[in-house]
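Just one chain follows, in the form predicted alone, and it is written as structure tokens.
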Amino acid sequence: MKNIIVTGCSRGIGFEIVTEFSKLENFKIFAISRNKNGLNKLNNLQCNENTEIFTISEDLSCFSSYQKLFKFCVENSNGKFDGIIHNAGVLIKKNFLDINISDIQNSFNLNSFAPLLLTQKFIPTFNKNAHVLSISSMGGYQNSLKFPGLSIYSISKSTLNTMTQCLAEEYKETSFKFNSLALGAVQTEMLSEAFPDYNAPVSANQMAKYIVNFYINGAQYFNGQIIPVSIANP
């Protein structure tokens, strides 16, 4: 039985990631989101044999909730974990001069600090060959095409790439693996809210299938890598 933590699961790619895991055998998926409605839908999924979903409604930008979250995960598992998929994120689309301190705090709290602190919290519980997979963005990928209005989103997402490389180096004497997928445009609610007239070439379900497959198999071949996953700009 593998214990996996997935963040940002109430809709879009995160919801589809948990759905894909539910079709596999011998997984416990700890699905974290602040949106209870989306989590309730996950609770109603029919899981495959020996697979369970545990939903946790917590705001990852509220760092005081981490001990409660950690306690819940440990109590509903054997206390050992096989990794994390850092999918949660917030996209703020604003002209650079209109960005305020609240926008900056919201972006970095969820896109940067939450993955860092959650990883720090769970590393001592990791099983051999644990895999931490961060869902970054092509906007945060070095030398990629950038888009006006997405500066704070892209900057905060780029920190996941640096975290991935730093932790891969720091834990190179262990069997832990750290990777980051820099996604291009995917048709999600978050994308539609920011760009109502844009139709992405990839659906949330298609991307989730790729992410779950990479999570399970990619750690055999990659560590400390930032991998662009995009067929269009962005």
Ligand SMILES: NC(=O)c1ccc[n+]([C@@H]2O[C@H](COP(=O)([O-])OP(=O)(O)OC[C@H]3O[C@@H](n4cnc5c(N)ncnc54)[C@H](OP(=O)(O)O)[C@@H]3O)[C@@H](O)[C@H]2O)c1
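Computed from a prediction, not measured in an experiment: that's the story for all the values here. Just count from 1 along the sequence shown to find any residue number.
Just so it is clear, the following notes concern the form predicted in complex with the ligand, a form of the same protein that is not shown.
Not displayed here, the ligand is approached by R34 to within 4.5 Å at the level of heavy atoms in the predicted bound form. Although the partner is absent here, E52 lies well away from the ligand in the predicted bound form, with no heavy atom inside 4.5 Å. Within this chain, Q165 is remote from the site of the ligand in the predicted bound form, having no heavy atom within 4.5 Å. The closest heavy atom approach of N179 to the ligand in the predicted bound form falls outside 4.5 Å.
When contacts are defined as a non-hydrogen atom within 4.5 Å, none of I85, E170 and G224 contacts the ligand in the predicted bound form. Partner proximity in the predicted bound form, defined as non-hydrogen atoms within 4.5 angstroms of the ligand, places exactly one of 151 to 159, 125 to 133, 94 to 102, 72 to 80 at the interface: 151 to 159. Applying a 4.5 Å heavy atom cutoff to the ligand in the predicted bound form picks out E58, D59, L60, S61, N87, A88, G89 from 55 to 91, in order along the sequence.
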